[in-house]
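Single chain ahead, by itself, as structure tokens, in the form predicted on its own.
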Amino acid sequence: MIDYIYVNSGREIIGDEAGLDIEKEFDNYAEKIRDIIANLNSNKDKPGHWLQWMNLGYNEETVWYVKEFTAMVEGRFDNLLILGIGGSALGARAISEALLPPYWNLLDKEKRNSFPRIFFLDNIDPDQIQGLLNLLDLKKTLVNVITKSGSTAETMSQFMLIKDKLEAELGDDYRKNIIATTDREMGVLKQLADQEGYKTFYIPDDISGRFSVFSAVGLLPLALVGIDIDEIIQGIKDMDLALKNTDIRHNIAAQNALIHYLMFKEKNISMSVMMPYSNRLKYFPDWYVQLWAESLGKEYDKNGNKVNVGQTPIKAVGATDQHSLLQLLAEGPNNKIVNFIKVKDFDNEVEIPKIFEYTSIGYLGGKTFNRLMESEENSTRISLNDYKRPNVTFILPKIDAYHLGQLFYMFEVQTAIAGELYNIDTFSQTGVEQSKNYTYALMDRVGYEDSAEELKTKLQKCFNN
């Protein structure tokens, strides 16, 4: 299981200005946390609570269908192209980057055990899109288009282009190269999939995109490139069992949720830095940024009070960002809490050669990169303590499917608990929807004509000023 160290956010280590009396706060909030955890688990099966993601570790039917389809297409495609944005891509990208061998797409087919290369098209940059089209042989590419609503402008515009090119190259057989992951009943993509005969996987109701990684949204792409989704699911189940514990002293998701909440409310710690010490985990902070920002950044609480809450998540990776962010973390405003992720055992141990012994760098020779990485991480943590900067550490025994399932699920539960502490709707995203509606108007979508005229006036003011 994942271990958690919170002592470096306590006043005993970093002082009264930014430090908490953590044990006392655990006592103060014990009953509230107990009620929150109990309510989350009692409501997870009830429609309208948006907690169905808590059941995904037990959805054997989805796992079975994913594995069946994976077996059917095994060896048929050289490339897997994911069309999706936000929660439709971030989770699968983070897990595949962590679990596939480094530089997966550069390996030849034999070294990939005939599994496809994987590409994520998660933006609408025309140069990126054209560059990818120049690279891929679409006839040998399986395309997974992912959008629950079926109307996401970025994803559907990509799909329109790819579908048009596939049909031009393959004729009626183009359908065999497309998988749609969408709503079971509603939306344009569901309609198109039914009309044109695409293989379809469904996203359960009451799951927002940022909590969908363990539905077909994430499991299908991961299985298609050979990742053991059974181990991921087992990790989720074991972590879910641990996080059902209503005692905050035995629930790491509740502990970190409360610490972050109190840092924001009492210590003006308005930013949360996610910093894994592993390059394989470099996309995990991207996933965390969306989860933490969209879930907790809210203008109003459940009672209609204007609160404007939510920490700003910041992504980093050690040791790389010691040479970019660390100066700010140490000596800048004391308004950040750092979440370190430590990997206990790497898959490889690489020794630094004993050369240049007559120079000042000779001390490195004979040591391992593993020891150097651990030393860099420990040094960063201790230096932040010296500067009285709050930080916590998650210890991942190793990077494998089982522990990745635990890590992602733990942060999902943590986020849900934090939302209840803030008394906000964790699963809404009205700020995002407003921007989407503006885009529809600017792209001449029917029904948005009045908004389009208003937006043109606002745009004039923006650029004239």
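Predicted, not measured: the structure shown is a model, and the values here were computed from it. Note that residue numbering follows the sequence shown and begins at 1.
The discussion below concerns the form predicted in complex with a small molecule, not included here.
G209 is the sole member of P390, P116, G209, P276 with a non-hydrogen atom within 4.5 Å of the small molecule in the predicted bound form. Contact annotation: of the candidates V317, L138, I85, L384, the single residue with a non-hydrogen atom within 4.5 angstroms of the small molecule in the predicted bound form is I85.
With a 4.5 Å cutoff on heavy atoms, S149 counts as touching the small molecule in the predicted bound form. The small molecule in the predicted bound form is not approached by R34, whose heavy atoms all lie more than 4.5 angstroms from it. Remark: T62 does not count among the residues lining the small molecule in the predicted bound form, judged by a heavy atom distance of 4.5 Å or less.
The small molecule is not shown here, but in the predicted bound form it comes within 4.5 Å of a heavy atom of Q290. Figure note: of the listed segments 99-107, 261-269, 171-179, 85-93, the one touching the small molecule in the predicted bound form, with heavy atoms no more than 4.5 Å away, is 85-93.
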